[in-house]
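Taking the form predicted alone, here's one chain by itself in structure tokens.
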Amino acid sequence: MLVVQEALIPRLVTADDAFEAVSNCLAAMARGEARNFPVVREALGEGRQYGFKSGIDLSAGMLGVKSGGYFPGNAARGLINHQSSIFLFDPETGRPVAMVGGNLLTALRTAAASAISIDRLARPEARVLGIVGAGHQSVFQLRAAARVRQFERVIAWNLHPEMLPRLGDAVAELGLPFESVPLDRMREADVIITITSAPEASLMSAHVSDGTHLACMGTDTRGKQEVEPALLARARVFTDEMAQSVTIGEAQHAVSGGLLKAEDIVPLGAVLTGESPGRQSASEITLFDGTGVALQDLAVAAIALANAKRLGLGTEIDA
């Protein structure tokens, strides 16, 4: 088994790699060639979450699991809050093939999924990007979004505004103006990314204009919530994985409240394969419920593994 340490990942997987891998993964899911297994998530107290996401992709010959979670006390320890490792297995024999550091890969694949939704669902003329959240993953989200649309400015809100300058610095690196705004000014945005770990909604329906595309990327656990359910009732809703969307994703609240029918949610992969249309009018609100699926983790980990082998990196151990 090859151990591919977290420190090696920046040399092995690019944002372009992640975009392609996640696109292929979503399409394979839509074609029925890949499936995710039920997610195991457990609350550990004090905001900590731990769990497992696993799945199999027959088209790519991948079987594996990501183990990890969210540990909000890590920042004080000089660590990022999201910690994870990805394990790959031979789908024919079950023998372990690799253990791959999953922290950067999680950020890259999450940002890639968001960017794919923007690429396929946002209006072509979208010029103002709004970001709700300023944690570790917000910068990855920003950079990925900027690769698929020619934004002219970025506005952002965070519950703890002292965290916004870091995001502002990343915006400046892209040569764009940046402004910290109250939530009601998100109405100025053509695209809004929410990337928080909130237990209750911050973005309300009144904060969003017609024609906006939203990528809601933070809700991946029962009880989490980033946006008001009434906003999903106004929108055409897309997701990465239907079962997760209605149980642990942003749609859980709208579906349980009777504001959204589960059967009306569209898999983003079906848009990629041409089975379902994307945006249908300039005034339509589109919303991507990005719950984060195991198959995305396996896809980017497989790239890391292949490149590590090609470059002679990583540590071989008996398993």
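Quick note: we count residues from 1 along the sequence shown, nothing fancier. Note that the structure is a prediction, hence the values are computed from the model and not measured.
The form predicted together with a small molecule is left out here; the points below concern that form.
- Proximity to the small molecule in the model of the complex holds for none of 64, 243 and 267, with the criterion being a heavy atom within 4.5 Å.
- Only one segment in the set 122 to 130, 155 to 163, 229 to 237, 93 to 101 has any non-hydrogen atom within 4.5 angstroms of the small molecule in the model of the complex, and it is 155 to 163.
- In the model of the complex, the small molecule sits within 4.5 Å of a heavy atom belonging to residue 220.
- Put simply, residue 213 is far from the small molecule in the model of the complex: not one heavy atom of it is within 4.5 Å.
- Contact check for residue 204: no non-hydrogen atom falls within 4.5 Å of the small molecule in the model of the complex.
- Not displayed here, the small molecule is kept clear of residue 149 by more than 4.5 Å at the level of heavy atoms in the model of the complex.
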